[in-house]
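A single chain comes next, written as structure tokens; it is the form predicted on its own.
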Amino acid sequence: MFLFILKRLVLAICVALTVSAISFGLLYMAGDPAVAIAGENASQQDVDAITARYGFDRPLLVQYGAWLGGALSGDLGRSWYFDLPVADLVSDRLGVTMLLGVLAISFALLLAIPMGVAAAMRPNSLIDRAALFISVVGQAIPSFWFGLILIVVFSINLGLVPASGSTTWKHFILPTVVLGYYATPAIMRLTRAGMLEVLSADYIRTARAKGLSGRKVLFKHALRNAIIPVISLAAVQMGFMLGGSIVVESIFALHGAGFLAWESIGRNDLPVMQALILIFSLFYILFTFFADVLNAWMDPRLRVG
């Protein structure tokens, strides 16, 4: 198990370094960053002054090393728009996004796993078809359109929950449903497929032949093995949710890191975008790493290779 964790840790560090290089390269993808800060109508003297201030005239590797060293110590640079430390801007917003992500993945798991299990227990039944319908609809509906429909129905017409803001727990209800529903179809289908495969296995038939109760066979023997790939998928979905929060937080004016990313794109605030891409990617790598370790702990066969 130790060797497995060590290999996964080395792989995660390599991926993180690759992501950091890509995030740093974002600074130069739009051209000269000094011109981007100064504006198209700025004089050459202003551009030269900004180049000297931010050190854009240094070799790229030196700039990357300085930026990476600063990021590792918590210094993510200064926002071009706000002229404030990026770390302070992100830390003020990240808690909202993380809370939304945890609520959304919890909503998705609580909805998808029971429906996936029920569909597998009764193939081709009404429950199975309802699960398939939810899965297809969930994939077909764009999240921004689904969010607008919920706002019209539950905020404007019924007045049950607020449509925007992030000051109370009620502000998180609709964003949680929209973001969580995005992950539900994939988790439900994987749970159903895993349960169908496990329920037809020999050891399940043996457990039933020994006289074990249906509940014990389902929860102790079948669900534990069927849930292993779902854990990996949930970790991946959690990573996607952090990225998907950009759209959802923008729709509901939820002042999290996703909304900050949306604002930064509009303001061409590249240091903030760099930091958010790096942080979202690191969370994605971290979730995947812990999912791999948890899967290997639950199924020792995965530790081989």
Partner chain sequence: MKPSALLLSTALTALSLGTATTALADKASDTLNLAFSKELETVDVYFNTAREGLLMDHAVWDGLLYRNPETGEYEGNLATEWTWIDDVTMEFKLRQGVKFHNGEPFTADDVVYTVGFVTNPENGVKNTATVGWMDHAEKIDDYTVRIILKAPFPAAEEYLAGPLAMYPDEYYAEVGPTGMGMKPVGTGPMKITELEPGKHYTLERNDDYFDGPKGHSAIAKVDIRTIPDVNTQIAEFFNGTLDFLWNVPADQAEKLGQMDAYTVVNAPAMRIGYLTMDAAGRADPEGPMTKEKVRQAIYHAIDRQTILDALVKGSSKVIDSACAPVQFACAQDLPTYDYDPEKAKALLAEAGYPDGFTIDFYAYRDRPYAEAMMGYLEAVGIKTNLVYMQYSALREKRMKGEVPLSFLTWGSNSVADASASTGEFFTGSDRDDAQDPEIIKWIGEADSTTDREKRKALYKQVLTKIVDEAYWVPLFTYNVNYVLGPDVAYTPTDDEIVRFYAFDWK
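Between two forms, the rigid core is defined as the largest C-alpha subset superposing within 1.5 Å. Values in this document were obtained by computation on a predicted structure and should not be read as measured data. Residue numbers count along the first chain shown, from 1.
One more form of this protein, predicted together with the partner chain, exists but is not displayed; see below.
- In the predicted bound form, at least one heavy atom of F283 sits within 4.5 Å of the partner chain.
- Among heavy atoms of S125, none comes within 4.5 Å of the partner chain in the predicted bound form.
- The partner chain is not drawn, but in the predicted bound form it has no heavy atom within 4.5 Å of I149.
- Contact between M238 and the partner chain in the predicted bound form is not found at the 4.5 Å heavy atom cutoff.
- None of 169-177, 125-133, 202-210, 104-112 except one has non-hydrogen atoms within 4.5 angstroms of the partner chain in the predicted bound form; the exception is 169-177.
- For the three residues V35, A49 and A163, a heavy atom within 4.5 Å of the partner chain turns up in the predicted bound form in every case.
- The partner is absent here, but in the predicted bound form a heavy atom of S155, alone among N225, S232, S155, S143, sits within 4.5 Å of the partner chain.
- Between the partner chain and the residues L190, V90, A120, L218, the one pair within 4.5 Å by heavy atoms in the predicted bound form involves V90.
- In sequence order, L76, R78, W80, Y81, F82, D83, L84, A87, V90, S91, D92, R93, L94, G95, V96, M98 are the residues of 72-98 having a heavy atom within 4.5 Å of the partner chain in the predicted bound form; the partner itself is omitted from this view.
- Here T51 counts as shifted, since its C-alpha moves by at least 2 Å between the shown form and the other one after the core is aligned.
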